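As a starting point, one isolated chain is supplied in structure tokens, in the form predicted alone.
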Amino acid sequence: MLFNSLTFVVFFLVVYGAYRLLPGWGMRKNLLLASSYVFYAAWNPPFALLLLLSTVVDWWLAGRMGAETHAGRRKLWLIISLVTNLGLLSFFKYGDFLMENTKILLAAIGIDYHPPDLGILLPVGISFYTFHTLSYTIDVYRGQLKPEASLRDFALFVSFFPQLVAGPIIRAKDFLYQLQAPPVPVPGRFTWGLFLMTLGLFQKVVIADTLLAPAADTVFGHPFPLAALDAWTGALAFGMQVFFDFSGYTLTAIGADLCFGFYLLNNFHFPYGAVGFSDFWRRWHISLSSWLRDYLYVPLGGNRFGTLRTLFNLMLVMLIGGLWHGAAWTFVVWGALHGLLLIAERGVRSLTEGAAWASRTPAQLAAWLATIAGVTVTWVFFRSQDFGSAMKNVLSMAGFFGAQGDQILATRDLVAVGSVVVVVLILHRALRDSSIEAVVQRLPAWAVAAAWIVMSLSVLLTQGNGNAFIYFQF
């Protein structure tokens, strides 16, 4: 069930109407839990059982950890949680990938191995809800969170339908306390939630799918060589497309949560206004980058054990972050490139530390543009089907094919992508220290109402092509 579909609109209105009519808080939570499982089962009903299994196992294991005082047995319960969750994730997401690479490795040493076709289907959202439950068991193990006594409340935390299939990745400490009592009425909260949902759908349907996707699909689906202008336009189009697609989903999720009275943390903070790659990751997919920081980078030692260990930790975290996105070497390379960029940034900062010119406007603008260029090049590996195609695209961007590549993008595509890129870069640079809420509060009511009407009409008139959100595949 896609946010950008009439089915979801009807589903949301029915669930919200029933939610408002039910008298008791317990009954409302029961409704939300049942609705969330219906929402998830709409994709593939058997996978709802997998979601339930992961939920029950981690709730039970956390309860055992909370009641256990022996350090060794507490660690055993945590290990069982890690093995169960990561085992399920590895099988469903990386099973075919591992089989295929095992076949290639064995063939390299002369062994003809034909792995069975397991026919594995990827359960939608498994990467997200696995991280939901893992953060809970890890926090309980660390003593930072008490086990949740109510299985229903824990199940609702894991499965609540707005953020279930594509995030943001929420943590138990940020959500479970909101289930303890009915939300206190806040004037304007429902209206703001609807506004964010409209903004999110506008980003997805109008900007990502209509203005940007055609150019990106044309470039990345075209045989090489490519003209440099087309290659850069395609890469920029996809970089903007994946932002508006994913930001659109999370804004819709946050808005839907607000309508029911719940609050989610923001997942994007004007990432194309970032100055430096570490700044980019503080602004892009914040729930994932902070999860990897708190549950992987810091436990590995972070930056506490010298430069070489820090660089190793950075690279390992980015490699895992790349692999989290998909079972393909292109994602691993994408993560590795971001790791290299983060390492290079640390080197540059160590050389320029204390230099007055480094903090001046020209240097900051140069660093900003270099960040945009570096991130754009890495998107090529994220979007390409294989490493060879990605390299050819990068070589096309560098002009290696000269005049061999014919122009494939129409003028309207160049204008559409160029206009979006310019507007996004200006807005993200100007608003990098602000927020959507602050911007809207500064605008007169008539301007907000006009923008809301324009976005709503644009979504209705465009209607979109029914594309699933990009991050559904992760």
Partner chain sequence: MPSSISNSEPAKAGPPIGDSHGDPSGGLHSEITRQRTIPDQPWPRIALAVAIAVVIGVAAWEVTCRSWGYRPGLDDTNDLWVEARRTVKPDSTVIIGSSRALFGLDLNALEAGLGTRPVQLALVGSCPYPVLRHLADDATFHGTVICDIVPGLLVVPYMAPPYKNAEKAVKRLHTQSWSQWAGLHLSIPLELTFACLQQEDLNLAALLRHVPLPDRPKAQIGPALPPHFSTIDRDRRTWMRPEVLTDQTLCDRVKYGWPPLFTPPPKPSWIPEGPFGEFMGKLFNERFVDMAKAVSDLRTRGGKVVFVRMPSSGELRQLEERLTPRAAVWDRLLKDTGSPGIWFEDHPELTGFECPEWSHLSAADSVEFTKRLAPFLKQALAAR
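Positions refer to the first chain, counted from 1. Keep in mind that what you see is a predicted model, and the values were worked out from it rather than measured.
Here the subject shifts to the form predicted together with its partner chain, a form of this protein not shown in this document.
**Q** Among 444-452, 26-34, 57-65, 417-425, which stretch has residues with heavy atoms no more than 4.5 Å from its partner chain in the model of the complex?
**A** That would be stretch 444-452.
**Q** Out of Phe387, Phe97, Phe224, Phe331, which one falls within 4.5 Å of its partner chain in the model of the complex, going by heavy atoms?
**A** Flagged contact: Phe224.
**Q** By the heavy atom within 4.5 Å rule, which residue out of Leu258, Leu164, Ala274, Met240 makes contact with its partner chain in the model of the complex?
**A** Exactly one residue meets the criterion: Leu258.
**Q** Can you work out whether Leu460 and its partner chain are in contact in the model of the complex, taking contact to mean some heavy atom pair no more than 4.5 Å apart?
**A** Although its partner chain is absent here, Leu460 would touch it in the model of the complex, with heavy atoms inside 4.5 Å.
**Q** In the model of the complex, does Ala41 have a heavy atom within 4.5 Å of its partner chain?
**A** Ala41: contacts its partner chain in the model of the complex.
**Q** Flag Ile126 as yes or no: does it have a non-hydrogen atom within 4.5 angstroms of any non-hydrogen atom of its partner chain in the model of the complex?
**A** So Ile126 does not count as contacting its partner chain.
**Q** Would Ser289 sit within 4.5 Å of its partner chain in the model of the complex, counting heavy atoms only?
**A** Yes - in the model of the complex, heavy atoms of Ser289 and its partner chain come within 4.5 Å of each other.
**Q** Has each of Leu13, Ile79 and Ile169 got a heavy atom lying within 4.5 angstroms of its partner chain in the model of the complex?
**A** No.
**Q** In sequence order, which positions of 151-190 have a non-hydrogen atom within 4.5 Å of its partner chain in the model of the complex?
**A** Sequence-ordered list: Arg171, Lys173, Asp174, Tyr177, Val186, Pro187, Gly188, Arg189.
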